[in-house]
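Read on for two forms of one protein chain; each stands alone as structure tokens, with the labels structure 1 and structure 2.
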Structure 1
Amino acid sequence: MAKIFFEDVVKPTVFSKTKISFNLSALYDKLWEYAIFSLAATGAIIIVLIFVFIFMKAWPVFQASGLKVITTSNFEEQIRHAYFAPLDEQLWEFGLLSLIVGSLTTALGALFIAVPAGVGTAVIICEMSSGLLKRFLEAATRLLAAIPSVIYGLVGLMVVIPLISDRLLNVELQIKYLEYFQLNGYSMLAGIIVLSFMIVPLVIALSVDAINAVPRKYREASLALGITKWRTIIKVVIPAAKSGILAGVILAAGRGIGEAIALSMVSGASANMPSLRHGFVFFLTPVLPLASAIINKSQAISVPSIEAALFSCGVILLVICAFLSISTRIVESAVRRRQGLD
């Protein structure tokens, strides 16, 4: 009788508890799934709204200037005229070419320094260091990447600017180029140096992650064939980590183009158009990158046309950074397909 009771009552009860527990677990997972999806959708909607808001604010300048907004450069004078213009005669035509060139040349110059230094340092950390030293170098790199940009700008003011002024400038050179701009150390070169120090920790950190992700069997197979360690690094490890390294370089480029505070402190804050005809003085030209222009001219944002001009700088920055972000995905996918990983 007790056996019949156990089979007919106890077993169904245990089964029912298991089923209820399973249903609660599935419901819990579904709730988390919907919550994460809702947060992702909310973030995407916010990003779209930011794009729409900035485009709407900048539309009067794009409508009045057309393609001239990216093909002409007279930003400083246009800002000055717009600031002193009557409210009923606002000037909506602006040319941002000098700002775009200042952003691109500064970022590309910084990448020219940061990429070899960053990838080389990552190789040393991953392949030539071990144990406590490796962990210390990785932690120090991430600490450098977390330093606020204003600190780098302050170091640039105290070290880089005086160094350029004392070693590369003289009175004769300053007088020669006085009709174009004032040479005082605040220049594209100073921006390149400061920006390269800012983005090299990012290149190192992402390259370290990419190199560490390379399977150990790749190295062991290469060394087993009698290939030297350095040749293994150059011919096996780095090509295998290429997708991650390229993604890191593109993300560092986006960081460089979007940097505002440090560059506004050292690059000269003057919307000059650098010219290769000036030779090495090309790098000594004071420039005003797009992000720095938003900071430096923000005191005049109460004027509607200047507000629209600064928002147009933001639009161009958003387009460039979105292009770089999409390029990161495309390059990474292309490299992985070529390597047969996808």
Structure 2
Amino acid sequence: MAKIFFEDVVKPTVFSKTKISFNLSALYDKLWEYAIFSLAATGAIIIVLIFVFIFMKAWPVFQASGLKVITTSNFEEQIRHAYFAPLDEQLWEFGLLSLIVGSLTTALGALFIAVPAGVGTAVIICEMSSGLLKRFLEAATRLLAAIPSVIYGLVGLMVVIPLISDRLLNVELQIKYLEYFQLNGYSMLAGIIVLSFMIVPLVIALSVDAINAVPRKYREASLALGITKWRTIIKVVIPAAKSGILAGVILAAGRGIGEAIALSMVSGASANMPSLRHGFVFFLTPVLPLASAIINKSQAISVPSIEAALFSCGVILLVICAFLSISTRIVESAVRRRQGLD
């Protein structure tokens, strides 16, 4: 350490007036660099710590269940058994497949609504509106993005759930499916609706950026060829903005999968496996996404094996979200490279 300092400090520069002050300022410079480097490094260390801590806590479950963690789905029953198991024969085997499916179906369903709606809104904001309407739309998007998830959850609980149970459910349907689960409004559909409102502003914001980044000359060339404005948007602008929009979609997917509070309030809180055989009731299945499981099942966290099971939900979440972040990065750098070539 000392050696490096010495060499750095002694290196002469043109600007020094006196040797001493120059030495001191060079030393300060070096110290400053080390200081900000170590701060930057802490951030990098923390992510490692997060992985290590969460994984350590979850390890017994992975050890006992192996691949079954992601291939079997009997979570509710396993939690119940683990909860009542005597201390010296705790049950460490858990299957989180239904939770993973719950997370993915909810997030994908929300994307299915939010992506077209978000891109459509972005097109209106960038290309079709001006003045007050444009400002209004931008402000609304910003505000939607800023509304806390607990408020979305609250509105979902008080508005969406009653709506679903009044409009889509009846006693016959409830009886028919009672052997699988109880239909009561809390459902994947409620989760999808609430989540799509939460992620649509993200899709809009990133799509707006992407559309604005499309060079003017593209539009001009297309319009000069006599193509209508709308065809230009559909055939030229959106394809050119595709990668940027994709980055937004992936980001939104990550947000959707990681959302805990709002979904725990509306999605049903019991880990059922939605089945396509049930037709449209597929969407009315009460599901338990990974992130909400950590909140909903935390009542039983005093049992060590259940605590480990919840931490393994965290591990799976971490892995999915890390994968999505890295994908965003790859897509973004692809965009940048293309723009660089242009």
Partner chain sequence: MIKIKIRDASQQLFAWVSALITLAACFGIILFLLVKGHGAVTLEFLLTDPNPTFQAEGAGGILAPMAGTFIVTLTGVVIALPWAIATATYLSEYAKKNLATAYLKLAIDVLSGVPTIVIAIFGVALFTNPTLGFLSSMIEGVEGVNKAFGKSFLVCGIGMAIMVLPYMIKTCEEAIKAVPNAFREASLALGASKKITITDVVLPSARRGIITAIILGMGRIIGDTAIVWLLLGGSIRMTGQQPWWHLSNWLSTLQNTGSTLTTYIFLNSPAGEGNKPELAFAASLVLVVIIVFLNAAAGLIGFMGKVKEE
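Take the two forms, find the largest set of C-alpha atoms that superpose within 1.5 Å, and that set is the rigid core. Because the structure is a prediction, the values reported are computed rather than measured. Each residue is numbered by where it sits in the sequence of structure 1, with counting from 1.
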Exercise. Which of the two shown corresponds to the form predicted alone?
Worked result: 1
For this session: Determine whether the C-alpha of residue 112 shifts by 2 Å or more between structures 1 and 2 once the rigid core is superposed.
Result: no
Exercise. Does residue 132 show a Cα shift reaching 2 Å between structures 1 and 2 after rigid-core superposition?
Worked result: yes
